[in-house]
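Have a look below at one chain only, the form predicted on its own, in structure tokens format.
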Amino acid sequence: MTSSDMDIDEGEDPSEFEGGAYWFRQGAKGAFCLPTLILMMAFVGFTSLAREVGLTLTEVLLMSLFMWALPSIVVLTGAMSAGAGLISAAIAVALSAVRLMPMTVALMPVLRDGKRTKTWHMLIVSHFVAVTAWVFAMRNLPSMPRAARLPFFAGFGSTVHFVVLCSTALSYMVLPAVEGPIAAGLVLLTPIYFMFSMYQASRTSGDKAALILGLILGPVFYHFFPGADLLLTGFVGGTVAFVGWLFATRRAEL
């Protein structure tokens, strides 16, 4: 779904179109889409893993509510199952969440509407920054009026959050335990969707090259440097892709 696909509801007052309430509702409607379904399925896989570890429904819901990003939740679950201490678990979760910092930095200027946007507005919606919401926002918000972006994203993020929490609780209580490989596959649905979405949204050949190099270098660095594989993959793959793209661009200009 893109902003151009959104239909104006019959009976809506046109004077509302620039209002925050209208765009919040539009964002909430936009939450019922394929990315949300994929995220729900990923959390179904997580609930199965959580049950095996021995987490209660309350613990699962609190982790989903306050941490939100599924990779960080899985890392914390793994640390708890391994008997890791509080400090070790906190460091592991913090490292897994570092990737959200550049995503948030890239999104905030898109959301901000000059002096009309308060700091506390940004702090609230920053909680919704994760793979699903970020990809959706970066593909749809730039084509919207600036005044509409923050309420639209707030509506989208809060609705996705609520729907996923409900589906997580339901799957924990109703669905039988899923086999380990199947549960792991469901958890991986979100990063797979993120990868294809990023490739589709890539604007330059350098962006596409970085993703392809990441796929190639990831297993290699995991084999030789298992503790620093992700960091090395991003640094080496991104640097090589950027330098190659810069060189090709300069050469084409000659």
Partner chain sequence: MSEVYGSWWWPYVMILVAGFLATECWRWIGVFASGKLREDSLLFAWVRAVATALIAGIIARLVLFPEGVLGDVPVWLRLAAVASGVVGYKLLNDRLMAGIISAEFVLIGGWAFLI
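Positions refer to the first chain, counted from 1. Just so we're on the same page, rigid core means the largest C-alpha set that superposes within 1.5 Å between forms. Computed from a predicted model, the values in this text were never measured in an experiment.
Although not depicted, the form predicted in complex with its partner chain is the subject of the following passage.
Using a 4.5 Å cutoff between non-hydrogen atoms, V53 does not count as a contact of its partner chain in the predicted complex.
Not displayed here, its partner chain is approached by P142 to within 4.5 Å at the level of heavy atoms in the predicted complex. Within this chain, R116 is remote from the site of its partner chain in the predicted complex, having no heavy atom within 4.5 Å.
Proximity of A21 to its partner chain in the predicted complex falls outside the 4.5 Å heavy atom cutoff. Within 4.5 Å of its partner chain in the predicted complex, a heavy atom is found for every one of W68, V110 and V131. Relative to the superposed rigid core, the position of the CA of F24 differs between this form and the one not shown by less than 2 Å.
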